[in-house]
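Given next, in structure tokens, is a single chain: the form predicted alone.
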Amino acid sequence: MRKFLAILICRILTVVGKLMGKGTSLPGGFALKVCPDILRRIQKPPVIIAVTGSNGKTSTVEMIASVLKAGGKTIAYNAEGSNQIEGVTTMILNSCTWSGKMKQDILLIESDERYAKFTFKWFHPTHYVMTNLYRDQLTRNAHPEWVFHAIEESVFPDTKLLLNADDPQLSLFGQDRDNVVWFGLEHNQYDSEIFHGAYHDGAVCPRCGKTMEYDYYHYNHIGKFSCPSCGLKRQDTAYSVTDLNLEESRIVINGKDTISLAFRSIYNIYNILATYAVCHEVGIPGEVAAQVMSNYILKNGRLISFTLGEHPGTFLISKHENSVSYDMSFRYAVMEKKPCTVVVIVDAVSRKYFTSETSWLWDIHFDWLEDPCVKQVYLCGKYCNDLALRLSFSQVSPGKIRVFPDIDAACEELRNKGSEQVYAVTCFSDRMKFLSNVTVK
């Protein structure tokens, strides 16, 4: 009776929530109050894929869902990105029968890295994809080591792990396990033997604390690492990007499947590779995955094309309080080596909770913006002066920098001068404050 009542309440509140424009966590939250172990009671599909990590969860899950559907699989997944236990519960209860049975082939779950231990207390994924571990939302997540231990509580012996082999912190999950699948990038022309970043979270071994060595870096602390003291090292991969050409917008996986890139970023290539790996592990041919992901345009608003006056533009969603996300957006902006203006907006640090904590700005590698192709840097929003102070300690020339507390005023100035490419970099919390001033393509 409690199971049925939980499903009923969840579905009623979901309908009410849609009419009121509310989120997807509330129905599941009430269902859990009625039946705290409801997730254990639901009969789930034989294949359960979970995706977690600091960055790339939503994009990876979206692509996995598309590939699985193209491969003929029926799936249930949290498409809205509500990834804590309440949101996952809402999705599962709205996807099962009144008796509590899910008839889909696969259950696909995006899981918040800190709260996975609560969701997977009641059931275990058959396949668990981990994308990366970065500094992310310091006010909630402390440090990647803390997040590692939070995820650790959601890892069980019967689950096959699919791990980013190029992330030293994540590699610890694969130690002394047989059921691990590794994915990563092979050495390529975009790698660096020199570390680029404001800090180095791979400087010491996460297992023994001694100095780590790198043969090369793909970006930040992601690369080919080894510890001469304890032997921790990058593992050989089952799924690899064996050929990478950003100029031609293509990658080759495992030497055979070519994927054309709609978004030419090292960052997103890992999401594509993780998608390819887990879909192949559950029976989807590589050529099907490659066909679906070729020129794939994400539907989650992470990358948006626009025009502002005579300026063509690209809007890059970059999580506030996540320095690697910003680093990769700036790297993307300078990759073309064409004259451009970069707009950086920090007006509300978070859309979910209030904080005026901006120490995370000091973790961002703003030196990317000193590249000669960047002609102007607009710093906008409530925290524009925090941004300006941070950039005063960077290599960015002061003559490039324009400071605008008013985002609309910055857009108006840009609209009335120039025609160079514009890259706008900000978070979901601030995106409409910029996009309301432009024409989205």
Partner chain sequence: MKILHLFDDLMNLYGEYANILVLERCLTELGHTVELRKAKAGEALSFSQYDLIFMGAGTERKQKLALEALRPYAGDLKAAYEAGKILLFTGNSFPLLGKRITDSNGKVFEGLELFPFESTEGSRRILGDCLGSCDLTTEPVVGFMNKCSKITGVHTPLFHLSMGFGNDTDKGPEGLWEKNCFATHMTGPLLTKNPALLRHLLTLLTASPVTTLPLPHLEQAYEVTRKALEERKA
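Positions refer to the first chain, counted from 1. Worth saying up front: this structure is predicted, and the values here are computed from it rather than measured.
We do not show the form predicted together with the partner chain, though everything after this point is about it.
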*Candidate site Leu13, Lys22 and Lys319: all three near the partner chain in the model of the complex by heavy atom within 4.5 Å*: no
_Residue (of His187, Lys256, Arg140, Lys121) lying close to the partner chain in the model of the complex, criterion heavy atoms within 4.5 Å_ = Arg140
*Here the chain is shown alone; which of Trp98, Tyr216, Trp362, Phe156 has a heavy atom within 4.5 Å of the partner chain in the model of the complex?*
Trp362
*Any idea which of 410-418, 58-66, 381-389, 35-43 reaches within 4.5 Å of the partner chain in the model of the complex, heavy atoms considered?*
381-389
*Verify the contact flag for Gly209: yes if a non-hydrogen atom of it lies within 4.5 Å of a non-hydrogen atom of the partner chain in the model of the complex, no if not.*
yes
_Using a 4.5 angstroms cut-off on non-hydrogen atoms, would Leu170 count as touching the partner chain in the model of the complex?_
no
*Quick one: does Thr358 come within 4.5 Å of the partner chain in the model of the complex, counting heavy atoms only?*
yes
*So in the model of the complex, does Asp201 come within 4.5 Å of the partner chain, heavy atom to heavy atom?*
yes
